[in-house]
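First comes one chain, alone, set out as structure tokens in the form predicted on its own.
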Amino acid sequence: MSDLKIHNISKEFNGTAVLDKINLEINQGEFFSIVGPSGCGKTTLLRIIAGLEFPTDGRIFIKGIDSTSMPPQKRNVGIVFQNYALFPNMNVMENVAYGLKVKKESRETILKKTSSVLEKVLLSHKAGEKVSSLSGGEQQRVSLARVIVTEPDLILFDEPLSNLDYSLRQETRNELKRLQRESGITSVYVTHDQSEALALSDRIAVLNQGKIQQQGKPEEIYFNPANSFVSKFISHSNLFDSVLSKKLFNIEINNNQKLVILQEEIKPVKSTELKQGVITEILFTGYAYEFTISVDGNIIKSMQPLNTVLENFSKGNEVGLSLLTDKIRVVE
């Protein structure tokens, strides 16, 4: 039995459809991400799962129980917010223990469970400190500990890393994944960050304009997108129509199809008589070069690791395009 079943969920605000017949099943212990651009409906879906919004149509089942009309406090669902939502007047241990006190657990049980969870999130040494004295990453771990300690059936993450800088986001992301694996609590993670979803998830659902575009394992979605939106949003792929596919790569596709080529699968080369495009931009990212190449007014992106770029390129260079894969992917 799935821990969470979302059946035909639709939601309208003032007659405007925000979600349109969403169907998902999330298994026990799974880390499931819902990813999509701003305004696609992912936060609304999370709020419906939590009981903070009610659907216009459809049902929500948690642990096999129809929870559609249940208030939030009856659902045994924990939420990790983007803004931490900690109590500034309490220290770390008091924040983590808050949910257990609400449940009227004994002092002995509260101390035992709180101490155990603080040890898991590597914050035992900060137990007596005010949360305001902690870094952003530490505050996010306190927020997660406060949820885990109550042993919910489900944890919902509402873009929890978006307020952190890059290095802290990487560090906290790794910690979050470790803690979720150790706790085994089924988790639903909402984000607009594709790299977060790919790195953390067992499975992903890609949402756009209130509809599920594709769901599956990260590798499946990245390498085999279901349509042009998924290919552009998840892997930032290049899309070529039938004319360019034939001209650049001698690959024939139907007129209603697009050839999908990942940025890492296409490489600019100078040592060729065939000059197909012009480099209009070169960005150095620390681990790779990102090339922007114009071909007959079409923009093509290439990303190459530093150790594979053996030629010196400059903006304005005329280049050929080398295809680094023999796999042909097409989308409608």
Partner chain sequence: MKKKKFDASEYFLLFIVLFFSIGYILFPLYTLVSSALNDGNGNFGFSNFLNAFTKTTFQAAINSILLSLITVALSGITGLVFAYILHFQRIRTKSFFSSLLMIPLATPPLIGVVSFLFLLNEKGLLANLLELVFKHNELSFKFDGWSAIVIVHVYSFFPLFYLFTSSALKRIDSNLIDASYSLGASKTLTFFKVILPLLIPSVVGASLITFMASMASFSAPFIFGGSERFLTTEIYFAKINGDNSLASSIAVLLTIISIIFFILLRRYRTGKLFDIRHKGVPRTDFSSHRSQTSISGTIIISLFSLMLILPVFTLLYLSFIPEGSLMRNFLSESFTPENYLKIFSEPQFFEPFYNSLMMSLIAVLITLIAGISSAYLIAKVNTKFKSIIENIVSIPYGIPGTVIALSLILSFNKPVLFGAFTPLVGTFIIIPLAYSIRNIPILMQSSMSGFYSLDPSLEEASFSLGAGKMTTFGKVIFPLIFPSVLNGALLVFINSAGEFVSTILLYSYSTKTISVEIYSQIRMYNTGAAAAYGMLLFAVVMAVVYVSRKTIDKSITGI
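Only the largest set of C-alpha atoms that superpose within 1.5 Å between the two forms is called the rigid core. Residue numbers count along the first chain shown, from 1. Since we're looking at a predicted model, the values are computed, not measured.
Below, we refer to the form predicted in complex with the partner chain, which is not included among the displayed structures.
Participant: Counting only heavy atoms and a 4.5 Å cut-off, does the partner chain in the predicted complex sit next to every one of 215, 223 and 232?
Facilitator: Heavy-atom distance to the partner chain in the predicted complex: none of the three under 4.5 Å.
Participant: Since the chain is shown here on its own, which stretch among 108 to 116, 245 to 253, 88 to 96, 199 to 207 would lie within 4.5 Å of the partner chain in the predicted complex, judged by heavy atoms?
Facilitator: The contacting stretch is 88 to 96.
Participant: Residue 176 near the partner chain in the predicted complex, any heavy atom under 4.5 Å?
Facilitator: So residue 176 does not count as contacting the partner chain.
Participant: Do residue 169 and the partner chain share at least one heavy atom pair within 4.5 Å in the predicted complex?
Facilitator: Residue-level check for residue 169: no, no contact with the partner chain.
Participant: Does any part of residue 43 reach within 4.5 Å of the partner chain in the predicted complex? Heavy atoms only, please.
Facilitator: Result yes; residue 43 sits at the interface with the partner chain in the predicted complex.
Participant: Answer with yes or no whether residue 47 is in contact with the partner chain in the predicted complex, where contact means some heavy atom within 4.5 Å.
Facilitator: Although the partner chain is absent here, residue 47 would touch it in the predicted complex, with heavy atoms inside 4.5 Å.
Participant: Identify, from the list 282, 52, 288, 269, the residue with a heavy atom within 4.5 Å of the partner chain in the predicted complex.
Facilitator: The residue in contact is 52.
Participant: Which one of 150, 124, 183, 228 is close to the partner chain in the predicted complex, taking close to mean a heavy atom within 4.5 Å?
Facilitator: Contact residue from the list: 150.
Participant: Could you run down 50 to 84 and flag each residue that has a heavy atom within 4.5 Å of the partner chain in the predicted complex?
Facilitator: The stretch touches the partner through 52, 53, 54, 72, 73, 77, 79, 81, 82, 83.
Participant: So with the core overlaid, does the Cα of residue 91 end up 2 Å or more away between the shown form and the other one?
Facilitator: Yes, its C-alpha moves 2 Å or more.
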